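Below, in structure tokens: the form predicted alone, a single chain.
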């Protein structure tokens, strides 16, 4: 592959996929000691989607993104799949998705937990700067497979879903104006899952550190973009807990009304949550050309990532 001069990239299209099976808070109340109101008050979640496979959901979301883009799939140079719940340990689930889509390109999994899609988006811009033309970035999870459905502290949170984006080389600077990635491995035991185990979480430690991590990452990206919080038109946060998002927005000085939230109907879908919330904002006509959009999240690790986009996409 010949290497052109460094170039920018833009997010060309999005696609999403959610399982058909809806599990409500009342459904969970029949299994563990909880109530609908208790869950909503502490998390903002009313229902979540459960089912499917990571590769299947990723494939469906990717097909929709490719169809919406109108591109020839053969022009995709790389598939990046962000996931913490691959179908198998080996090979990468990205290779399964590649085969399902009939693509001929590089394919790899990326595990940065709930920050994964933003990590993948930033990586895609880097690959395009090195010469790739089009990259498919996917966040997909089937967290229900690693959730202990008898543990009230975790079973109310996690769910399944997928979101995908086509990233395309473009003339000029492109849409990525600021970005930041980080990890604090000292906190890796606040949320983890052993091989063949179930998710274990320290909720209090997650809440405190997640708010700080999202604030720090967002401020780094804003500084790189030479913007202030007042310049942001829309925030697309990781959908972990509505209280975490509210606290993060308060610390940043960004009104909560500027966020795109889907947690009430999707739960925490980890690496899928940001593209799901971004697509929701697009479907609701909340993003216009040249809007400043802040993507920001945190995840097990404790990872964090953010990106400021000058919207020039779908």
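Not measured: the values here are computed from a predicted model. Positions refer to the first chain, counted from 1.
The next section is about a form of this same protein that is not shown, the form predicted together with a small molecule.
A.B. asks: May I ask whether 42, 114 and 158 all come within 4.5 angstroms of the small molecule in the predicted bound form, judged by heavy atoms?
C.D. replies: Every residue of the candidate spot has a heavy atom within 4.5 Å of the small molecule in the predicted bound form.
A.B. asks: Exactly one of 204, 91, 197, 102 has a non-hydrogen atom within 4.5 Å of the small molecule in the predicted bound form; which residue is it?
C.D. replies: Selected option: 204.
A.B. asks: Heavy atom within 4.5 Å of the small molecule in the predicted bound form: which of 107, 191, 211, 232?
C.D. replies: Filtering the options by heavy-atom distance leaves 191.
A.B. asks: Taking the small molecule as it sits in the predicted bound form, is residue 85 in contact with it (heavy atom to heavy atom, 4.5 Å or less)?
C.D. replies: The answer is no: residue 85 has no heavy atom within 4.5 Å of the small molecule.
A.B. asks: Contact between residue 147 and the small molecule in the predicted bound form at 4.5 Å, heavy atoms?
C.D. replies: Result no; residue 147 lies far from the small molecule in the predicted bound form.
A.B. asks: Even though the partner isn't displayed, in the predicted bound form is residue 268 close enough to the small molecule, meaning a heavy atom within 4.5 Å?
C.D. replies: Within the cut-off, so yes.
A.B. asks: Using heavy atoms and a 4.5 Å limit, would one call residue 241 a contact residue for the small molecule in the predicted bound form?
C.D. replies: Looking in the predicted bound form, residue contacts with the small molecule include residue 241, since a heavy atom lies within 4.5 Å.
A.B. asks: Specify the contacting stretch among 55-63, 284-292, 245-253, 30-38, defined as having any heavy atom within 4.5 Å of the small molecule in the predicted bound form.
C.D. replies: That would be stretch 30-38.
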